[in-house]
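What follows is one chain in structure tokens, specifically the form predicted alone.
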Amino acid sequence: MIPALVVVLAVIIFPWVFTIWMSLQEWKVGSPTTFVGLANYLRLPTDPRFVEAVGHTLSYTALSVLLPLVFGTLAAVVFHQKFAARGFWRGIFIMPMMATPVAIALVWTMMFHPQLGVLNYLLSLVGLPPQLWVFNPATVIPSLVLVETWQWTPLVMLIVLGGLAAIPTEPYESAQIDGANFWQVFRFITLPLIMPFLFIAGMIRMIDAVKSFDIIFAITQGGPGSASETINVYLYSVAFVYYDLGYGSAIAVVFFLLIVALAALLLYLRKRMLWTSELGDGA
């Protein structure tokens, strides 16, 4: 009991207590430490870069959760069907999630290149004008979401495939007897039964997307300007470029609370959905 308590205190509790303590200090590398209370936290709402980073983080996270859920569910429905070499094509489909972030950033940076990138070449084949992708402040967040969707749609597909494999065949046999079409079967049988798996996939994607750093930093470093600077990228700049450890710690604490709040929101929606479902069954 005591060794386990010591390990928990040393590994989990102490780093957070120390981070909170640092957030209450005016602490820059090379300067003496001064207690400033909540000044670092009160500075956050008046910091335009932090406010902008919060907006970028929320939009990036929302798109990076929604799109993989949609495409991953569609892919799971397709790969759940029986066809020739299905295992081989499943293996090909999940390959993006095995790649390292730096390798992915290298490949996509070349693909995003306005003159040499293959994406603008593909657009030209269908008569669309070339885009600046990550070099334009208006399109940098959707472009980064494209990379995130490409890499993590296979993960959602694998989770949903597990859900599809657990669905009994009786509801489908009854629907076939009743003459239901493909969309009706998906809407009223498949989707409700895989919803718990979609919530799990959504929560995993949300936690991963909201703290995404490596892909964004490797491709844009938060640019152009600060157009793709998320909270994580801004935190890195404050702590390791400006060496403002006190203010960086305050950002880290608020960032952690944001992640907990988003996870709690998903859990609340999950419980609310179960409660509504039970009421519907009771009626």
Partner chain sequence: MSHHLISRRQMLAGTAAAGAVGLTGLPARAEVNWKKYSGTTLEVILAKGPRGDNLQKYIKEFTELTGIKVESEQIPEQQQRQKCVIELSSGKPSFDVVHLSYHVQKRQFEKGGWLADMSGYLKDPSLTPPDLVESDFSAAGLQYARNDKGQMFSLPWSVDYFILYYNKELFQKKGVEVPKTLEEMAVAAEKLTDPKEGIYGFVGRGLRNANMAMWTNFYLNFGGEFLDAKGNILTDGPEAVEATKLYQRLLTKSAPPGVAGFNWMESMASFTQGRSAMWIDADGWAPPLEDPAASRVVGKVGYTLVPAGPKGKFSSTYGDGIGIAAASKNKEAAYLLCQWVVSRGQGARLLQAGGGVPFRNSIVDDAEVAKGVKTKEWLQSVIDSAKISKLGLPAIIPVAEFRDIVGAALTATLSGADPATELKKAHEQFRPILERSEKA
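Only a predicted model underlies this, so the values are computations on that prediction, with no experimental measurement involved. Positions refer to the first chain, counted from 1.
Just so you know, the form predicted in complex with the partner chain exists too; it's not on screen, but the next bit is about it.
Remark: of stretches 248-256, 66-74, 53-61, 23-31, the one touching the partner chain in the model of the complex is 23-31 (heavy atom within 4.5 Å). Proximity to the partner chain in the model of the complex, defined as a heavy atom within 4.5 Å, holds among 94, 132, 145, 159 only for 132. When contacts are defined as a non-hydrogen atom within 4.5 Å, all of 49, 115 and 225 contact the partner chain in the model of the complex. A residue is said to contact a partner when one of its heavy atoms sits within 4.5 Å of a partner heavy atom; residue 240 meets this definition for the partner chain in the model of the complex. Looking at residue 192, you'd find every heavy atom of it more than 4.5 angstroms from the partner chain in the model of the complex. Contact annotation for residue 137: at least one heavy atom lies within 4.5 Å of the partner chain in the model of the complex. For residue 41, no non-hydrogen atom is located within 4.5 Å of the partner chain in the model of the complex, even though that partner is not displayed.
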